[in-house]
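Just the one chain here, laid out as structure tokens, in the form predicted on its own.
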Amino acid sequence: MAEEQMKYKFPSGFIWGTATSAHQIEGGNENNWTEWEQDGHIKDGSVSGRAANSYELHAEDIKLVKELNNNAYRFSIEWSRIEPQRGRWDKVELRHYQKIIEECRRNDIEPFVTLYHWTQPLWFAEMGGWLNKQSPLIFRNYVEQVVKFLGSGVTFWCTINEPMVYAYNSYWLGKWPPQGKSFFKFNQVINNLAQAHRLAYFILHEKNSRCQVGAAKNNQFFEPYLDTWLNRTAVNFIRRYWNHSWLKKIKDTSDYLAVNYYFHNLLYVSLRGYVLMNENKIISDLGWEVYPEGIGAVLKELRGYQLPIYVLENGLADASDEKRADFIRAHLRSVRQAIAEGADVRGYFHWSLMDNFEWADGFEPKFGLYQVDFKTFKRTPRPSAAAYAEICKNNGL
């Protein structure tokens, strides 16, 4: 029994956290997403508005992080607040994020700060956004101002969130703003985001040589449905492209690897294309398959980079909260097994601290450990919050 208990204990100093992003919880933004929302693109007809009103309630929200026995909190900075017009820096808004960092420090919570989580100032979007050849340099200037003001309070920086997901949905599928449909544009954006990360890396290290810089990559577990040469070869190509091509562009400017895990893809591949063959025994409210084994496989894939790994997002939409506690336990067992097999995983962040504005799906999906009443902004812990808090308190299951 003692051996079984030790099996699911995590290494000493393991980081336990929850994650959010500015646009999804703060509200009151004026960026390319708020403009797009006004045009009726959101599935449930909503607009982000005040979202969860975390802009005003950030101190209360950090107390919620503390109640979960977390020792870290991942949040993002809203670029459109910091630079509402090109070259005009808003020190009031910089001070706002400084207060969040200070509040984290007062509560012995390590801030993991994301610099770009998909939203753009309107002036940047009007210049072509990440298609603009100058976009990496423009982003560098933004990062320079942020680190000048906030750098001394931050050790862990995440430059860019899920570059492949963002570029795929915005420039290839055309589901998100600016609704492009071009592989050429998708590839151009991918390359510009990689260059932006590299420039940001050097700026951040100029301010603090000991800081840790990474980028959050959505990696997925790909498997061939049939054990045939065509299926194995095709799926291996897809896996290498999606999971590793962007990471290889930035591996020499990364102090750690950050993984967001949500998806398992069991693929049947033919000369006509591919079909998802997932069994979907358990699914989230968004229809995403719950597949805990995948997170361990994804983490073990990263051993060759020989860098520390942090899981910066992992969660599910579950309004009834019937699946979330088991989801967390099962995924953490898989994470712990990956550690036992040589993956240098040093932290886990659950998505999300609270219900939020879930991009094109609006307010309907409920990812939060805390339920949010979007009229009163009252936060109420779901039962799964207590389960996660116990895991964090015990440093394991």
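Since the structure is predicted, the reported quantities are computational estimates derived from the model, not experimental observations. In this text, residue numbers run from 1 along the sequence as written.
Although not depicted, the form predicted together with a small molecule is the subject of the following passage.
Exercise. Is there a heavy atom of Thr114 no more than 4.5 Å from a heavy atom of the small molecule in the predicted complex?
Worked result: Result no; Thr114 lies far from the small molecule in the predicted complex.
Exercise. Are any of the heavy atoms in Trp33 no more than 4.5 Å from a heavy atom of the small molecule in the predicted complex?
Worked result: Outside the cut-off, so no.
Problem set entry | Proximity of Tyr97 to the small molecule in the predicted complex, heavy atoms at 4.5 Å | No, no contact at 4.5 Å.
Exercise. So in the predicted complex, does Glu78 come within 4.5 Å of the small molecule, heavy atom to heavy atom?
Worked result: It does not: once the small molecule is placed as it appears in the predicted complex, Glu78 has no heavy atom within 4.5 Å of it.
Problem set entry | One stretch from 193 to 201, 103 to 111, 157 to 165, 270 to 278 that, in the predicted complex, holds residues within 4.5 Å of the small molecule by heavy atom | Selected stretch: 157 to 165.
Exercise. Among Tyr171, Tyr142, Trp118, Phe222, which has any heavy atom within 4.5 Å of the small molecule in the predicted complex?
Worked result: Of the candidates Tyr171, Tyr142, Trp118, Phe222, Trp118 is the one lying within 4.5 Å of the small molecule in the predicted complex.
For this session: Could you spot which one of Trp130, Tyr310, Tyr73, Tyr262 gets a heavy atom to within 4.5 Å of the small molecule in the predicted complex?
Result: For this set of options, the contacting one is Tyr262.
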